[in-house]
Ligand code: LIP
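Presented as structure tokens, the chain that follows is alone, the form predicted alone.
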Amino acid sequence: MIDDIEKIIRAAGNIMLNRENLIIKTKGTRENIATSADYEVERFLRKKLTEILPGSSFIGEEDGGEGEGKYRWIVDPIDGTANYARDLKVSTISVALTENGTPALGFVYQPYTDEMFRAEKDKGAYSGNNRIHVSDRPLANSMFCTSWSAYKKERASMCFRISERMFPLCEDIRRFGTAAYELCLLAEGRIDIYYEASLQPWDFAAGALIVREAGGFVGSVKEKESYDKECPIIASNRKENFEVLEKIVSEEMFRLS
């Protein structure tokens, strides 16, 4: 089934790369946008993925969810839509399959570079045919990847304070604009520590599994992440790095409240 899923996701990537007659609209705020390709890719994935696993349910960012059961697909048709709308070529397709609420399979595809990241629970993480693993860099040599809550700018001051506190502790900071891809970069050892103030399950379900199967650490703040609601997400290559960031985030969240 993994080969079949990858073929479906690559086909969805071809839909994404065809930008002819692209329509862009907002979803509530000027920062939160969707394109006609988001909807086309999601509907294609909904049809094809539920066909290869009859009885499975599906939840996507654009059209929501339908059905219940043991297996559920959690899909972001284009993670990094703002990048995509501007043709920045840093956007991904994220597909996770949960079994009884826990991710069992995760796929993140970057069609511009043809990078296919995948993980199966307890069977490791891969980029293409190559097994991947998080780095072993200490915090002082780590690359910190984060964002500043573009959709809910009232949280931005908290996010900036977290970045300000992390910057002297780490090597540098990056922002790519696609959570799924950033988590995969962490899993592959290209970045080392990650924080986002609020992510939906479709943003991180696949990436979180890929990080864990690559030997990394993922969680929310003082608890496990939720696959039923939005939550803050922390991820890291090393447990001690995770704990430093978690402490900073907890303190700043308490200050915001």
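A residue's number is simply how far along the shown sequence it sits, counting from 1. These figures come from a predicted structure and were not determined experimentally.
This protein has a second form, the form predicted together with the ligand, left out of what is shown; the following refers to that one.
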request  = From the candidate stretches 173-181, 97-105, 153-161, 124-132, select the single one in contact with the ligand in the predicted bound form, where contact means a heavy atom within 4.5 Å.
outcome  = 173-181
query = If you check Glu188, Glu213, Asp192, Glu61 against the ligand in the predicted bound form, which one has a heavy atom within 4.5 Å?
reply = Glu61
ask   = Just to confirm, Glu42 within 4.5 Å of the ligand in the predicted bound form by heavy atoms?
value = no
task = Using the partner position in the predicted bound form, report whether Ser147 sits within 4.5 Å of the ligand, counting heavy atoms only.
result = yes
ask   = Is there a heavy atom of Thr81 no more than 4.5 Å from a heavy atom of the ligand in the predicted bound form?
value = yes
